[in-house]
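So this first bit is one chain, no partners, the form predicted on its own, shown in structure tokens.
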């Protein structure tokens, strides 16, 4: 085992040799130590890093990076390296719980399932299927998404099915549709190795995707590749940049339009060529004329000369890769922020060739799978839509049900679903492996809404969490290493993860729990499977002839090949690294669409009472609401408490010193956290990490402050900008 630079650990050469010799990876044994090595996937971000789990005496004792993984090449970040430590913590949920007289009591599986089925049936029979709402994680395997989608849409008969990807990546999906005509991610990680310029917007990859960040840094060092970063904060990513455009929060569209203005003015746009593969060029050119560097400086706070320098650097690149993340996605104008960024790729010809274009990397482990399988309120499997009669008939045929069983009406997205519970419209809630009581914005409002629901079931691997405490029934679910499954990573690579150990106590895999409920409700015909492989094979039938065709991918193939990229039509097909190299897109005329995007301020502007913009975000050592990472000692110690970043000038103005307890208040709530006086944050803005829910302390939950306003297209909330005030506590 070798330690590489930056603390990443690379996989053992013995594994590579054994694989080349034709040995099954899952059966590799080290006789001396009696350790079995099991093939798996990191359960955190969408990079989809391959890993090997070392198992001894029924426990995972170590994790190693997988050299053969195209996504990670043997590297793992600190979360991946400690992933096995979450499997045997004190907060693991081991038995079903039923709340009686306000207290949880241990129950048997039969009793818990019978209660759930009886109450779900009562709600549906009395109020109709749309009185049910189902919310799930974005870290499920394909098989779990597929069964849940099938049960809710083909069994219950409602499309009220949404997941935590709504909070993470919905805006990018909507932008793909707006710009390219469908949810069509088309690049691969290898493009990072071929780029000669990186433009990164609203994305601190050093914290949220360290493996790909390291890959970018390696390319930057090897080829002197310029890095341009757009971010209101001086993150580690920004500090590594050649040009940091430190914009005022929420001014991304103005800056993107100004960069486009300079690209046109300086002759970096071949208008005749661009018009062949992208429509709306002249309209865009006309629209951006007012976004001169001088005009845009007044909006963004970025000096005009820096805007010009960034545009010229980007324009000179032969192969420019553009990356973005939650800084753009979590906004009330997120779709237009992303579209205006992608305009830059399109007008400079950075599209349709290796090393160039917008590279989409999701923040949650299997958000790509979720989209493919249709675990969203407007979708059916394989990028079909519930509103399309032909699509409903196709899926009903595979599921063996009447097309009339699938509702043509799109269901409610996350914020609307929980609002509907608060209004009494949704009576029953089923939440699977997610913790929305910590992650939904304006959490006081959410908690009030969930308490009004008639019956709440939470299915999770951990208890207590902020959400399980609100449940009527809590079901113990297995974790990633305690079950088999497959998943697509952000470059469309489909991988398999093998079960390494048994779940603790009476915990069960999510597929088993979903089928238990479905069969007991009378939908036995929907679940004829004996193995997870059976589920995958039926899911594959849905993909045949679709853009995400996986016909050529099998369990056996995935055990030997790592990250077969769809579309893959036959067993001999190698898969497709890059799509649309012919610059023909699934739009009406086959061309991409250059969108007209206008700058618009955040939904809640600052004022004299609330003069600061709050930015929320993540830290490298934690994931989501810390249900996993708070239980891993070295991660918990690394960032043990919440804090607020405040600029030295603002700290001086309010008499705040480093380490002081500060009260941060919005119109929705208040938190008390320690001040971290930092040059990383600009004057007039503050930053609070979102990982700490109310179990970390009633006054620590950042999402007590955030606003539930959302992008009208993607329905993704605006976590990155709301108005707050600060004072010494």
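Numbering follows the first chain given and starts at 1. Just so we're clear, the structure is a prediction, and the values are computed from it rather than from any experiment.
Not pictured, yet referred to below: the form predicted in complex with a small molecule.
Heavy atom of each of 328, 435 and 628 within 4.5 Å of the small molecule in the model of the complex | Judged in the model of the complex, 328, 435 and 628 all sit within 4.5 Å of the small molecule.
Sole residue of 473, 461, 311, 470 within 4.5 Å of the small molecule in the model of the complex, by heavy atom | Checking each option against the small molecule in the model of the complex, the one that comes within 4.5 Å is 461.
225, 532, 345, 235 - the one with a heavy atom within 4.5 Å of the small molecule in the model of the complex | Selected residue: 235.
Taking the shortest heavy atom distance, is residue 199 within 4.5 Å of the small molecule in the model of the complex?
-> Looking in the model of the complex, residue contacts with the small molecule do not include residue 199, since no heavy atom lies within 4.5 Å.
How about residue 710: is it within 4.5 Å of the small molecule in the model of the complex, going by heavy atoms?
-> No, residue 710 is distant from the partner.
Partner contact for residue 337 in the model of the complex: the small molecule, 4.5 angstroms, heavy atom | Yes, residue 337 lies within 4.5 Å of the small molecule in the model of the complex.
Quick one: does residue 383 come within 4.5 Å of the small molecule in the model of the complex, counting heavy atoms only?
-> Residue-level check for residue 383: no, no contact with the small molecule.
Quick one: find which of 546-554, 562-570, 477-485, 641-649 has residues within 4.5 Å of the small molecule in the model of the complex by heavy atom distance.
-> One stretch meets the cut-off, namely 477-485.
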